[in-house]
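Shown below, as C-alpha cells, is a lone chain in the form predicted alone; questions about how it binds or moves come after it.
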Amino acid sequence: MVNKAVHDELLKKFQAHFGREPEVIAYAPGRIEVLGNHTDYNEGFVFSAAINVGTFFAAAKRDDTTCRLVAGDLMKEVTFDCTGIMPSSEDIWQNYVKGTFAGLTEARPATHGFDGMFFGNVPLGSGLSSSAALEMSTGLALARLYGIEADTVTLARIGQKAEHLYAGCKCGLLDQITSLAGEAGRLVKTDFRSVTYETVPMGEEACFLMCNTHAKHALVDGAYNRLRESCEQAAAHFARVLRHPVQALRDVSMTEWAIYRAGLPTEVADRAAHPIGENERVLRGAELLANGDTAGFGALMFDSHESSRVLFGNSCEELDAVVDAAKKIPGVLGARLSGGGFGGSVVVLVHPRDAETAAAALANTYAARFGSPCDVSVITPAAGARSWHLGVRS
C-alpha cells in the first residue's frame, strides 16, 4: 500500500478519537504540474502527474445529522450539521471538506451525519495541491459511505466548485483530474475544453525531483483570481478582433497574439501570452515524448518557467533561484515552477542516474543563497485516487 505508515497512523488516530473504526477509507494523491501552467481554466492542455504523497480520509456514519470532522495533523475537531452546510471563516481547512460534501449531496440531501478524519503527507503550501488531495479523498470516501455514484469528471467538478464557493479560489480542474486519473509511471495529458484525458509514458530515461522552497503562497489572497480575470479580459478582446470564434485563450495562437494584442493593456497582453504559449508547448511536448526526446521536453519546461517569470508574474525569487541553479547542474533536463505559483515547489526533470547528485547540488545552492536548504525529494508518478470499505481494498 502506498504511504502505509500514514494510513496506519490515521486508523489509530480515528479509533482513539471516535472510539470506533471507520467504515470507509479513501486515498487521493497530490500532483505535479509538468507542463501547461494556468491553461486549464483557459480550456487548454496540461501535462501533469499524480505523485507518491497524498491524503487519506476515513469516515463512519452517524445516527444524527451532526458531522464531526477532525484534521488528523492538528487533532482539532469542528462540527457542522449536514442539513445546512455553510462556509466557515475559521479553521478554513474545513471548507474543502464542507464544499465537497455539499456538492455530493446537492441532488440527494444527506439525512445523517458522519464522523470523519483526514491525514496526509502532502506538504502544505508547496504547490503540490494538498487541497485537491483533500477534496478528492473526501469525495471518494463520502460517496462510498452515502452510496453516491460520481464519475471522475463529476467528482472533479464537485471539488472545483468547493474551491470556488467555499475556499474562494477560482481554480480550474487540473488538480482534481490529475489526482483521480493518475497512473504509475505515466503522465496525465488533459484537454480542458472537452475535459478528456489520457495517460502517456514518461520513459525510463527521466525522473522528477520536487524542490519545496517553503516560500509560502496563498492563492485565496486574490492573486490567482486576478490572473484569471486578465486571461478572461484578453479572451474577450481576441473574440472581438479575430475573424474566427474565440471561446478562450486556447483559440488564440502566438502569431495572432503578436499581431492583434494592440488595444490590450500591456500587463493583460503579457498575462495572455503565457497560457497561449503553454498550450503550444504542451502539444509540442507530446510529440517529443512520442519520439523519446526527453531532452527536448525538458527544454520546454525551462521555457515554461521563463514565461511564468517574465510574462505571467507568478514566479518569485526562491523559485527562480532553483530553476537557475538547475540549468547549471549536469543531468538536469528541465525545471519549472509547479502549480499556481507565488511560492511552493519547482519540478525538475533529471536523468535517474543523476538524481542524487542533482538533488544535493540544488539543496546546497539554495542554502548558500537563502540560509537554509530547500527540501528535495524524488517524485514518482503514481496511481490515482481510490476508496474502499475497511478490510476490503479495491
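So that there is no doubt, residue numbering starts at 1 and follows the sequence shown. Quick caveat, the model's predicted, so the values are computed rather than measured.
Only in words, not in the display: the form predicted together with a small molecule, which the text now covers.
- The small molecule is not drawn, but in the predicted bound form it has no heavy atom within 4.5 Å of Tyr166.
- Among heavy atoms of Leu174, some come within 4.5 Å of the small molecule in the predicted bound form.
- The closest heavy atom approach of Gly339 to the small molecule in the predicted bound form falls within 4.5 Å.
- Using a 4.5 angstroms threshold between heavy atoms, Tyr224 counts as touching the small molecule in the predicted bound form.
- Residues of just one listed stretch (355-363, 321-329, 339-347, 59-67) have heavy atoms within 4.5 Å of the small molecule in the predicted bound form: 339-347.
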